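A single chain comes next, written as structure tokens; it is the form predicted on its own.
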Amino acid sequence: MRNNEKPNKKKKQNDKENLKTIILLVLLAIVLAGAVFAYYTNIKEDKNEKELAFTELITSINEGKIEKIEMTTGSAAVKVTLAGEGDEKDREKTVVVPSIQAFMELVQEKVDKDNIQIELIQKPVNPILKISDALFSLLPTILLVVLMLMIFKMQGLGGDSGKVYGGEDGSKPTGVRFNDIAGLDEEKDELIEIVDFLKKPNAYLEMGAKIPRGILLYGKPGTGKTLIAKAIAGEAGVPFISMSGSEFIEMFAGLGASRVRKLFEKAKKMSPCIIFIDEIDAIGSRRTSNSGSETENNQTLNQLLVEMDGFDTNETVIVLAATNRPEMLDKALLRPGRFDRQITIPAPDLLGRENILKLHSENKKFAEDVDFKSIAGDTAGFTGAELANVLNEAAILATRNKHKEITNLDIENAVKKITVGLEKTNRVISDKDKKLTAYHEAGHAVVSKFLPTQTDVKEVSIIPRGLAGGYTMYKTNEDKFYVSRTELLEKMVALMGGRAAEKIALNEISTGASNDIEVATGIAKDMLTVYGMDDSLGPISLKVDDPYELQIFGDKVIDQVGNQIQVLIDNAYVTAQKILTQNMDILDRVAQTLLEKEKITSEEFEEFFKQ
């Protein structure tokens, strides 16, 4: 699948302008605060140089050292001139008195006796100081406003609700058509009538057909849910408003519901159009009675339910939504009249994978040995996004290796890199660990060979990849929709082959089998609790949402499940040991070859059994 989405330059430009405005306001507030702080600091420093303590003033008056006292109206600061010779300015000091009246009563007698000159000055207010005082008092308010503006911008208040493609504002269309999607032929056929309705709504209305309110697309991540929604808008040529479910949930209560209202108001004005809500489970999960953030989620969901149920018949607005977890959605959201259709977007089958690979190969150079059908066969279970990633990684590997074209080996290495991990050829490994890894991987491969339901070995390696010290890769010849009990049992035997080989060949066991044991235990548990494949328990399902629900089965059943899981694992381990004991010579030869060559291909592996 291919995505031709182009960035909305206009919206990005607006975001940049908003960011510049916020930065400018912050800088202005910082500069203003710095200026006011510096101004007051200078005043304080200037005062400190000529300040005189109140007690020193009284002492100086009693000793007759004061020549003149100046008092300013509306101020507690008193300016005194000390007696002596020299410039009068140098003899001036400032004293802050507790009270002018109390001060005059205290020194009146001494002032009259020594004829100290007293002046009362009507001093005008300094306009600059008055402005500075006003600005300084408003500084907290200014900073608070700037902070609120920043929060509002981050929360998207006042901004557009959703990203628009193909609107009247000049935004570009999605640029995606049904021809850009491969592997979803049946799903495209189901949605073609939606495109037809958006193009010719009157024909359906005259027939009495109701407008589909919503379509829910669900499936694994990367299967193309978002892409197919854009293709509908591209085919119909109508505006496409895209928004993620997480964008509705904000830190302020009620804001999520407000954004839902704005989104639908915009859609009605642009009708006919498509609203696409990605990851709708973020706001559409089941309502609860909890408080806090859950209340905000409930309000947002309630508003969404009201808006979807409140369309007029003449409003050609269709809501598309995508989710990976449909089981989490509220039942009220899934009823007819809201999401009328629920379409599963599955992982592509063999033919679908081949078509997807061909679609993504259009702008790449491939060698003649590349067979997309073979690659599709080796990538069962891959989604469209994963297949696109495989070819992209292959192109990167080809460029790094200075190939003129992408070879089949580049694609195989890309698949290994994605599924197993990055190859670590430079890691230093002791001979003891190498030998243990060689027998472990050889055990997997040899045991699998003697199990009819298991697929053929494609490659065995003891070169570390990712977290694994080595790996055994199998061919994937077909897409499986059902798995038999025998296949699951033999899968567990193959998984225990590594641990069995360690025990038989080296009389030792290691932590390298931890993942194998975990997977095997999971298979055994599912066989008993989900698939009902145990004869003693019968065809019952013990898969429950709440552990307390298991109480209806009683402790006896729970103990029996635990015992049977252990029996299945033990039987698989014993069977693996039996196979390896009977074919010890092959196990030794495979392990020794791995120690010498580090890798064994499928052709080389088959040669051991021909001998």
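Note that the structure is predicted; figures quoted are calculated from it, not measured. Residue positions are given as counts along the sequence shown, with the first one as 1.
Not pictured, yet referred to below: the form predicted together with ligand ATP.
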item: Residue (of 274, 494, 356, 460) lying close to ligand ATP in the model of the complex, criterion heavy atoms within 4.5 Å; value: 356
item: Residue (of 239, 498, 470, 384) lying close to ligand ATP in the model of the complex, criterion heavy atoms within 4.5 Å; value: 384
item: Touches ligand ATP in the model of the complex: residue 476 (any heavy atom, 4.5 Å); value: no
item: In the model of the complex, residue 174 touching ligand ATP (heavy atom, 4.5 Å); value: no
item: Distance check, residue 324 to ligand ATP in the model of the complex, heavy atom within 4.5 Å; value: yes
item: 4.5 Å heavy atom contact, residue 224 to ligand ATP in the model of the complex; value: yes
item: Interface segment, criterion being heavy atoms within 4.5 Å of ligand ATP in the model of the complex, picked from 189-197, 528-536, 483-491, 174-182; value: 174-182
